[in-house]
Structures are given as structure tokens and as C-alpha cells.
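This document opens with one chain alone, in C-alpha cells, the form predicted on its own.
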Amino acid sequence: MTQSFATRRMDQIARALTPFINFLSDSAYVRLVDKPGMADFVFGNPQEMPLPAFVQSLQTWTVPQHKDWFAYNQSMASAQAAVAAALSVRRGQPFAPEDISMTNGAFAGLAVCLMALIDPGDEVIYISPPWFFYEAMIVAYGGTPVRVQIDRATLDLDLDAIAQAITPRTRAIIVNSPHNPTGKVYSPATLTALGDILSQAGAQHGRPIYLLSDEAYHRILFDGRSYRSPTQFYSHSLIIYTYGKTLLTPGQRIGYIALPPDLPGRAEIGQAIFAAQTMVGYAFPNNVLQYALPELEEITLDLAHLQAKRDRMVAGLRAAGYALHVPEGTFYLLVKSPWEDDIAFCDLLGEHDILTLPGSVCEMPGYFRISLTAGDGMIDRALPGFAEAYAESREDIAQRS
């Protein structure tokens, strides 16, 4: 029997998600996450109590002020105005409130953009290693995913590879800066060159290539860095953002899509986004989070403390023998696995009561990822275990040789 298109598409989605599904069904994480005393560095989940200011804001805005307090809503004007004002200050561009579409997180924001912009068969370039769901989402919304690896030596965008990957069917590229999982912040020089490549290719093929700028971590920067958005170097760009990282509240879903003031066809794209938000499953945030948004926009996690944890982990891991890049942003460390089999090494770490994410889950085999959302006590417990696991791995390699 010939498979239906939907069945083939779901099969593609399942294949794209296989490493992630396998990790959630059979891994040291699944077996050990509930064991008391485990040091859990796997996901960007909070390992300590939520920010008090966040809790207070939700408590305030949960109290209804009129009968329609929890009625149907789309993007609230107060939330749109707060986002537009903040972006205008941070970017030095006059963002308009009507060009802000409030979404229930960046996950929904990306889904909406793909639904609004991609026709069946259009190609979408994504950068590898990626966020877990890019490939599957491109397939889900009718596109053809095109993987382009980063430059493994510099962790920068491989501009030549991106240029070679563009075809007449290329409709979009997803760029994530600061980049999960490497922590790389792409420089103005790199982004200028990328913008030139996309502009030239769009002119050559007779239609624009949209840059979907996944900026989930753009406010989580280290060492006094300032952020330059990819959208500032290329006009056919959209910003996708979630507050779940800055507030460390990934289960409270609020974010936005922002259309920069120099985006051609902004009004038509805005209409397509509104239609897609409705059809993708009413991808608007809940009312309480939108009421609170002007206050939430001002709240951030303690970046100085996060940087101190980064520095402590980097120093401790390097002292134990590990090789790793010092991230410029995000709250992740990408560490070279002493064994080529990163899944096996993460299992070994599990024996030392440490849980990490194998790089194979996010297209980076031979590495593992650590989330810096871990608490200080967790780091205290884990660093000796990291050192012991590294020493055991070297002994194993010596014995095999």
C-alpha cells in the first residue's frame, strides 16, 4: 500500500527526532534522573527556586480586574508596546508595537514563521549542531531541511558551505546566536558576510531568502559583550524570542516574533503571521503572562552568578583534563568527550552521579553538553566526579592500546 503524504511526512519527522527520542527513552538520564543526589546538567531547567520577582508579578496579574480577564486574546497592546520599546532601545531601531506578535515561546514562534513563509518543497537551511527540533519542524511545515555544519575549528558559521547550500528552492535560513550548544556569538563581520551571501543569492534566484533569527539567548552574554542581531545586517529577517531562558522559566511559555522596521513587505508578512498563529493551534501566550510582560521584560537571571559558574566549571573541567570552548553566551558548555562514543562516556558520568547530554543527540558526536543552570551545590558535588570519570576514561584508553 502506498503511504499517504502525511504518513511519509510523519516518518520523516520521527527519523529527525530519533536521537532525541532515544535519549528520552533509554539513557543514563532516564535511568538515574530520579535518584537522590544526582547532579543534573542535561537541560536548561532551573535547579533552584524561581526568581522572586517573576513569582510576584504572576501573583499580581492572576487577580482578575474585570469579567474578560481570562477571555480569548491575541497579542495584547501593552505587551507589544513593552517589547517594541525594549527592542528600540537595545537595537537602536524604531520597532513598532504592531510589528510584534506575541507567541507562546520561541518554539511556537518558529512554527508560525515556517507556516507563514514556507511553501511545500521550499528548502530551509539550518546550522548544525542545531536545537533538537529544527529539522523536524521544517519537515512538519512542508519544507525540505538542508543541514550546514559549523566550522568545527572556530565554531563559527561556515559561510562558504552556506553559499554552496543555496539553490533556487532556498526560502529561509535559521540562525541561532548566541548558539546552542556551542555558546558562540557570531561577529558583525560574519553576519555582514552572511547578509551579502543571502542578498546576492536572492537577487540571482529572483526571490528573497528569509533569515529567521532565533535569539533565545541574546540577553545571556558573558564578559561584557554587547549583542548584534543577524537582522541588523540583512533586511529580509525576522526575530524570534522567548523569555523562558532569561527568566529561567521554560514551562511558562511567552515570547514574540518581531518584524524589523526595514523588513520589505512587513504588513503582508504580519498578516500571514497572524493567520498562521491562529491555524497552528492558537499560538498566543496566555493572558496572565501577557499582562505581566511589561514587568517580566525588566527581569533577568543573575548573569554575574551565571558567569561565575561558567568560569568555575571551565577551570575545574580543564584541570581534570577536558578540552572545551569557553562560551561567549547561552548557559551551556560543550565539552570534548574523552571517548569517541559520547553516549558511553555520558553513561560513565552517570555512574558518578552526573547527568549530561550526549553530543550525538544534537548532531555533535564526540562531545557532551553541560547546562549551567545547575546550582552551586550541584557543581560542588559534580566536579570531583567529572575528574574521576576522566581519569577512568584515560585508564581505559591506555589498557586498550
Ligand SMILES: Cc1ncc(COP(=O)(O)O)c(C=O)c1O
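In this text, residue numbers run from 1 along the sequence as written. If you're wondering where the values come from, they're calculated on a predicted model, not measured in any experiment.
One more form of this protein exists, namely the form predicted together with the ligand; it is left out here, but the text below deals with it.
Residues Asn176, Asn180 and Ala216 are all found to lie within 4.5 Å of the ligand in the predicted complex, as judged by heavy atom distances.
When the ligand is considered in the predicted complex, only one residue from Thr242, Ser229, Gln290, Thr170 comes within 4.5 Å through any heavy atom, namely Thr242. Checked against the ligand in the predicted complex, the candidates Leu191, Leu114, Ala79, Ala106 yield a single residue with a heavy atom inside 4.5 Å, and that residue is Ala106.
By the criterion of a heavy atom within 4.5 Å, His325 is excluded from the residues contacting the ligand in the predicted complex.
Contact check for Phe222: every heavy atom lies farther than 4.5 Å from the ligand in the predicted complex. Among heavy atoms of Arg253, some come within 4.5 Å of the ligand in the predicted complex. Using a 4.5 angstroms limit between non-hydrogen atoms, Tyr134 touches the ligand in the predicted complex.
Only one of 293-301, 144-152, 242-250, 87-95 places residue heavy atoms within 4.5 angstroms of the ligand in the predicted complex, namely 242-250.
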